[in-house]
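Just the one chain here, laid out as structure tokens, in the form predicted on its own.
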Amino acid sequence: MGAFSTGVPPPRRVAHRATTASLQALLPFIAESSLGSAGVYIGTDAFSRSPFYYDPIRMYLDGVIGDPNILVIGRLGYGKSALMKALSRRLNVVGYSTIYLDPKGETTPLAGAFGVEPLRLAAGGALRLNPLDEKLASATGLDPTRERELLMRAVLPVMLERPLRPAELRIVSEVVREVVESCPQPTLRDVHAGLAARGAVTCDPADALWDYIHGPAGALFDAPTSAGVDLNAPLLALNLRRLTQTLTAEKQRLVTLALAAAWLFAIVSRRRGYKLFVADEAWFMLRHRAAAEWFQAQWKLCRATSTANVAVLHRLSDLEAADGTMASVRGLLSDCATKVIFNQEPGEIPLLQKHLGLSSTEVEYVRSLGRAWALWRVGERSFVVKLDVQPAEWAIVDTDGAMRGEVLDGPED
């Protein structure tokens, strides 16, 4: 991304002279006392002019916030991606690993900083991911078979573009359990075969799943995970840029994102230690009720898996546009104790007030935020913070390479 603007973003006010002791009373809900120095450096607090530090899991353990999950929302070009890449790199210094769902293909420089290559999933490519992989058995205490049932119950309605009927729900659960018990490495191909063998009742689900084995979206999730994938890399970035460009149907892109996210969530469950799970362009997956409900269920496992989940969105209206989805998404929003809000278009302000509960003072600041500035809602406290990108980080956070004709996602597979 280009150079950030400078200067404090708050709107101009009638001049008033007072000591800093009065600042919090003059600007309630914005001029908060510092969160302290626990965590990694983010940037500068607009009001105290002091460094702003943040560590989601550390703050959860200290009782500062009720959960470690994060919502990042803002207009294109104002700093969302820069924040996530800088946060990934800085939290790694204090022991975090990062799992990154990257539909846009912008994590190649970040992966290079971690000494790894992103995983590039593409139609006709060599990489296979198995969201049902038995080797990725959950460490959350949940029944792994039940987790696979929930996944199929989430993606099949998207494939069918209708809810599963009661008989279909029952048989899908039975087939998944049979497959997990009988196959050393269960795959979607095994589930498809089991559904097809059940006859007319599961004809529609079997036909829908066929497309993700033999159709344009096939040869991606139909076999065991490719050998050589380092499941313990400090950064596991799944680059879906070429795949999302190839799949023209919104349904296919959505199902592919859900299956890819399921594989990554399985990695999250398997890993020990603190993790940052970043779902970029999360709005696309949250637009469908079944996928949104499954996504929220994974979100709720954050404490069991020692994971700070991050949903990155442009605007809330992307979610309201999908009929009935916001009811499901509200639960996910409430499970994000930290909300980082960059500049928003005027038409988005009522939705921010409705769904995120912004005060009138906070709204004033969101309207006028410049590039790299964001309103941070950390629990019940609010701060206006400018992201400080260090010189060594510019090559990592820059997302304007394509505008300059540079290649974002490396050589062809």
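Start at 1 with the first residue shown and count on from there. Nothing here was measured: the structure is a model prediction, and the numbers come from that model.
Another form, the form predicted together with a small molecule, is not on view; read the next lines as being about it.
At a distance threshold of 4.5 angstroms between non-hydrogen atoms, Ser97 is out of contact with the small molecule in the predicted complex. Put simply, Lys80 is close to the small molecule in the predicted complex: some heavy atom of it is within 4.5 Å.
The shortest heavy atom separation between Glu281 and the small molecule in the predicted complex is within 4.5 Å.
Among heavy atoms of Arg377, none comes within 4.5 Å of the small molecule in the predicted complex.
Just one listed stretch, out of 349-357, 380-388, 47-55, 63-71, contacts the small molecule in the predicted complex at the 4.5 Å heavy atom level, and that stretch is 380-388.
Here is the short version: of Arg330, Lys104, Arg253, Arg270, the single residue with a heavy atom within 4.5 Å of the small molecule in the predicted complex is Lys104.
Residue in contact with the small molecule in the predicted complex (any heavy atom within 4.5 Å), chosen from Leu76, Ala197, Ala304, Val229: Leu76.
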